[in-house]
Each structure stands twice: as structure tokens, then as C-alpha cells.
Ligand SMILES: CC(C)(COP(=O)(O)OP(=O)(O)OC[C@H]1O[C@@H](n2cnc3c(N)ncnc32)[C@H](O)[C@@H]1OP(=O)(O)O)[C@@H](O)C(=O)NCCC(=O)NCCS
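The form predicted alone is given below as one chain in C-alpha cells.
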């Protein structure tokens, strides 16, 4: 008989077993120990055991649903008016028996009681506080549409499509960087500065990526050191057992307003790729919301290709 309850301290190892047996798709890390779940889920300061629901039968965990909250716009605190389903999984042998539906409904009740007026199934880009670096690749920005009938399930619960995030990869061991006269001029006139600027990031960033190696890259004018583009890389070491290669993620590529439309963003991304190639990094990943065509064009021009989609769904309470 299936029973439902919230998180107990003895559950991480059982959840780990469910994770590795659930067929979560190509964007889910595998082969990692229980300590990784502690780092990226249970030890985070905003983890609430009352929002982590399990379906069990005896000592076995058949499914889980993790309810949480995104940050407010300036990332200074959580926004309890908006709820998220950060994770949802059911063992393949127990699917289509109503377990997932029951888990989501319990998560919805928890979120509503905390003040949420809407819920996003799959959280979304930069909104999920959990599972970053172990699901979805760089970020847990939604559910992998190639791993199951997510749209059918979400629609049956009254959710409507919300966002789609493209996972873009570039194989640094093959292919050539694009070349143009503009890019050549940039290499002559700009300096690439590499620093560890993690101390300047928000608490939300530290909670999500603080356990991963990271570096800040900046392109600056040589004559006056003005910043024209910046970006950040984050190590994806947990994926090494599954992918068999060293990989990093690139994020927060920012070009100041006054420096846009000069190709500085492309120059930065290509310089990052070149430096990583020299360090024997074989794969670089970016995640881009499909509603951001400029960013998609930037990475596609830099040789990135879409390999997976992470989708979310929304409903009002």
C-alpha cells in the first residue's frame, strides 16, 4: 500500500536510489554518492522538509515531489507569492498509477498555505534553488522533455506551457572558431581578465553554485580598461562519470548597454572557449530561454548547438 509523507532525515539514501533508477534522461547526472544530494539539496539554507513529499511502500521510496520558492527580482530573499515544483520523479514501475498526481497536489497545498498564488512546474531559468549542477546540466531550469510525457502530465493537472530553455553545447575538441575582421580587431584592442569574483555574487548565487568551481571573465579596453563584456564559467564535475569528459557551463554573459551591437559578447564567448580548450576542457554548455533570441543568436554564431529542451508549465491557484 502506497503511503505519503514528508521528508525524514533517513531519506537521502533512499532518494538517491530512486534518482538512479528513474531514467531521468541525458541531462541528469548519475553515479554520484549521497554527499552530492546533501550539497545541492538538503543542506541548502532554504530547504524545508515540510515541502519535500515522498510516496513510499515499506522501506522503498516510489516517488518524490519537491516544492520550493524562487527569489524576488533582486535575489535578496525568497518570493512566497510564487511557488515552484523543483523536482518530481516516480519510479518507472509505478508510473500511471496516480502517484505523481497525488504528490503534486500535496505540494500545491503546501505552497498555497505559504502564500503562493501561482505555481510553476519545473521552476525555470535562474529560479530553481535546488539540483543545479546535477539536473539539466548547468541549471535545473525545467523538466527534460525527452525523458517523459511531461506535457501530457502537466496539462492533466491544469498547467499551461510557460517557458522553454534550450541546452546548448559546443564540443571544444572539434570545429573551428568563426573568424572576421571585427573579431581580429577586438583581439588587438581588448584584454581578457580572469578573476575569482564569487564574493561579489548574491546569496542566491552562492546557495546554488557555491559548491562548484567558478571563474569570472571580463573583456576590457586596453587603453582605458573600460569593461565591454563579462561572463562566468561554472564547473560541471558531477557529470564526469556520465559524460566521460571534462565540461563547464557558461552563464551571465553581460554586455553593458553602451557597448552593445559591436560584437563584444561574441568575442568574449570565443575567448572563453579558446582558454578552456587550452586547459583540456572538452565541452562547454550554455542555457538560454527561447524568448531571448539575441542570446540564442550569440551562442549559435559561436558554434553552440541545441541538444535538449527544459520546459516549465504554469497555473494560478
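Values in this document were obtained by computation on a predicted structure and should not be read as measured data. Residue numbers count along the first chain shown, from 1.
There is also a form predicted together with this ligand; it is not shown, and the following applies to it.
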{"item": "Residues 230, 233 and 273 all lining this ligand in the model of the complex, heavy atom within 4.5 Å", "value": "no"}
{"item": "This ligand: the contacting residue among 74, 225, 152, 200 in the model of the complex [heavy atom, 4.5 Å]", "value": "152"}
{"item": "In the model of the complex, the residue from 210, 98, 161, 115 that sits within 4.5 Å of this ligand by heavy atoms", "value": "98"}
{"item": "Contact segment among 152-160, 173-181, 237-245, 217-225, judged by heavy atoms lying within 4.5 Å of this ligand in the model of the complex", "value": "152-160"}
{"item": "Close approach of residue 302 to this ligand in the model of the complex, 4.5 Å, heavy atom", "value": "no"}
{"item": "Non-hydrogen atom contact residue 24 with this ligand in the model of the complex at 4.5 angstroms", "value": "yes"}
{"item": "Contact label in the model of the complex: residue 81 to this ligand, heavy atom within 4.5 Å", "value": "no"}
{"item": "Exercise: residue 111 in contact with this ligand in the model of the complex, heavy atom 4.5 Å", "value": "no"}
